[in-house]
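Just one chain is shown here, as structure tokens, and it is the form predicted alone.
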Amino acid sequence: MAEDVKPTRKNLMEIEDRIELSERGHDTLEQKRDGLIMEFMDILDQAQDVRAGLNEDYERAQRTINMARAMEGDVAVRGAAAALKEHPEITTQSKNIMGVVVPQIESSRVKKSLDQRGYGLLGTSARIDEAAEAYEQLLESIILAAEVETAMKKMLEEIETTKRRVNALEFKVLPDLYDNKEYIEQKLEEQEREEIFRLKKIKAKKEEEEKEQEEAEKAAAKEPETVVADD
């Protein structure tokens, strides 16, 4: 509360410094918030495209696997899947976007050539090849979607945190500082007026005393001198 602040010029200067610092911080956070929102919108557009592509890849993978099962049977499909020796590898790194650390997922050994899939070409058909290729593409889409979705979540969390800080400065910290500054200025003005009034009274009293002394001196100067006769 403003009443809890001592109305001194030292406190006034400290509050003015805090106001200046808080205003600069508020402007900086607003710029960061706006920049984060722009980056988030770009990632959101990318996420929508990735989701659409993921759905298409999933539907294609389902169609090809169903066709392979229908043409080759579940045993042949499971056998081809079990023949895989080199499994995909995923590594994660990080990148910085407007001060927000987001993951960057790298994958390897996802898409393979026919001879890298492990199953024999003579015992399988093109249906299994198509299903394998479709699922390899689906896996890459899933990895990309995971990267984009995680980045979007982290960006959104940082936006909310920054918005709370902006609101705290705008609606709590700065108004309190402005109130404290106004309170101290009013109190200092009151003290100054009281001091001026006190000095005026002292001056008036001094002038009155000087006037009375001057009148007394004049009166004394007008009194006749007493003559003492000789015997």
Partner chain sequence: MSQEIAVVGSPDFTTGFRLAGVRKFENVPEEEKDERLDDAVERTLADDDVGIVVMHDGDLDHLSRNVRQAVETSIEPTLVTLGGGAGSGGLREQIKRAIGIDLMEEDNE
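Because the structure is predicted, anything quoted here is derived from the model rather than measured. Residue numbers count along the first chain shown, from 1. Only the largest set of C-alpha atoms that superpose within 1.5 Å between the two forms is called the rigid core.
Absent from the display: the form predicted together with its partner chain. The rest refers to it.
Heavy atoms within 4.5 Å of its partner chain in the model of the complex are found in one stretch of 50 to 58, 24 to 32, 187 to 195, 168 to 176, which is 50 to 58. Shown alone here, K181 lies farther than 4.5 Å from its partner chain in the model of the complex, counting heavy atoms only.
Mapping the unseen interface onto this chain, M67 falls outside it, with no heavy atom inside 4.5 Å of its partner chain in the model of the complex. Its partner chain is not shown here, and in the model of the complex it never comes within 4.5 Å of any heavy atom of K95. Although the partner is absent from this view, T91 contacts its partner chain in the model of the complex, with a non-hydrogen atom inside 4.5 angstroms. Contacts with its partner chain in the model of the complex, taken as any heavy atom within 4.5 Å, map within 35 to 50 to I37, F40, M41, L44, Q48. Shown in the overlay between the shown form and the other one, fitted on the rigid core, is a CA shift at E149 smaller than 2 Å. Fitting the two forms on the rigid core leaves the C-alpha of A76 displaced by at least 2 angstroms between the shown form and the other one. Once the cores line up, the CA of I105 ends up less than 2 angstroms apart between the shown form and the other one.
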